[in-house]
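Just one chain is shown here, as structure tokens, and it is the form predicted alone.
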């Protein structure tokens, strides 16, 4: 009984430890019984330094998180072949080891158990020496990494084929290769109480405003959550207008896209463990821009961008306009077309509102199924399913043929503006409901409500419609159309107010 009480008292006393002990045995027992208890992936490699003053040491690392060859060649072998001076103790001994024994540039010294544990689980090797209450952390990350490939969600016909990976430092290097300028700044934060996810804030000093950079820092530092597993977590915590479906933070997998945006004065946020980078501020006009717009001839790029605006209007407004005209204002339709629509809907037992809602829902189900299933199967199901269901529905007189045309136009036009596809679905439903109630007046009221909402929104202090509502020629050169590079002399006024010149003075004089 007395032994049990004594052991219990020792355990409670041990649990109060926070700093390393000079006893190597106590340090190892504490780690095995507390911080790394029941964890079979933690490796403890015991070894001794060279005689005559041999010292007991231990190397602690997480299996499959480190490079075993690196640990052996640059830590264990040099220390086993070195004789540590007897007169050195504590901090002086650790300094001697880091400066003259361990052959690595990524070395840090720690004194508490938490720092040791954080380094080990992050892929570093921790070295403890008998008689010393300091430890050494050596960078030795060696987990499997995905190679740099073309991003599947943003493939291009012309342009770079590189895309971000799940490794933060690789992603930072891809951005640095685009901007070889010491003004490119990268600051890394740890976010998430449990995951301690690395989050890098990237910007160009002198172009991005200090107020914007500070605002991004403050919003990320205020995040209090257990886990950050993807950049979408960060986006939802720091975005403006969280209850509005329109995005106020951009995301991309392309390093060239990130480089282009931060050169305009934006700030990028890279998150470890995901290939999607965030950019802010994000304006409505960016949803209609594509990377290829800046690699093709400016006339072709302007034509394609205009198509995206038209497609967005079609995907959001076609069902509502069709419903408003057929239900409330058939007199606005040409006579021949009105007769054709009436003949097609003669045997349909459901009102037009039911047709629109049901067919829209079926299309979204097919699209979602095509996305979630394996790629070859998903494409076959989405295409065959649309053809079979559409033909069967018309043959059975459940829906009219014009309704199939309306759904087809709506769906295909939505794919053109993929960045706003989910938002377009919600807008489409809103306009269908308002058109069903008030006809064309309801449709116009819905459009006005959406425009008022957009005009009241901001993204990190920048008006959401600032580019589209610019009254200056320079501010409108990269909106609905894209003018040549030699005409876009200045950066956007709301993003880089202090450093707006994009072209050098010599280049500007040649274009005049």
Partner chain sequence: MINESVPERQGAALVFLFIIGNSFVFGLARWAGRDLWLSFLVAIVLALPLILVYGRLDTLMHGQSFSEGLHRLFGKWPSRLVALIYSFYAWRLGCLVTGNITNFVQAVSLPDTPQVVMASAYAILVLWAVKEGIEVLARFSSVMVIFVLLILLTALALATTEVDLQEFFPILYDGFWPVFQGAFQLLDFPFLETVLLVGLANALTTKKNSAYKVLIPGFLLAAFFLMLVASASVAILGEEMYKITFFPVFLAIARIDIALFLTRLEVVVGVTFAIGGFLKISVCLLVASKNLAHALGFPDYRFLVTPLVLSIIPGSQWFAKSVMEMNLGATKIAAFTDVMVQIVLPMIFWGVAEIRMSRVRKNKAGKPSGI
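What you see is a predicted model, and the numbers here were worked out from it, not measured in a lab. Residue numbers count along the first chain shown, from 1.
The following text describes the form predicted together with its partner chain, which does not appear among the structures shown.
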Candidate stretches 54-62, 452-460, 23-31, 40-48, one within 4.5 Å of its partner chain in the predicted complex by heavy atom: 452-460
Heavy atom of each of 329, 332 and 444 within 4.5 Å of its partner chain in the predicted complex: yes
Heavy atom within 4.5 Å of its partner chain in the predicted complex - the one residue of 186, 440, 409, 362 that qualifies: 440
4.5 angstroms heavy atom contact with its partner chain in the predicted complex for residue 465: yes
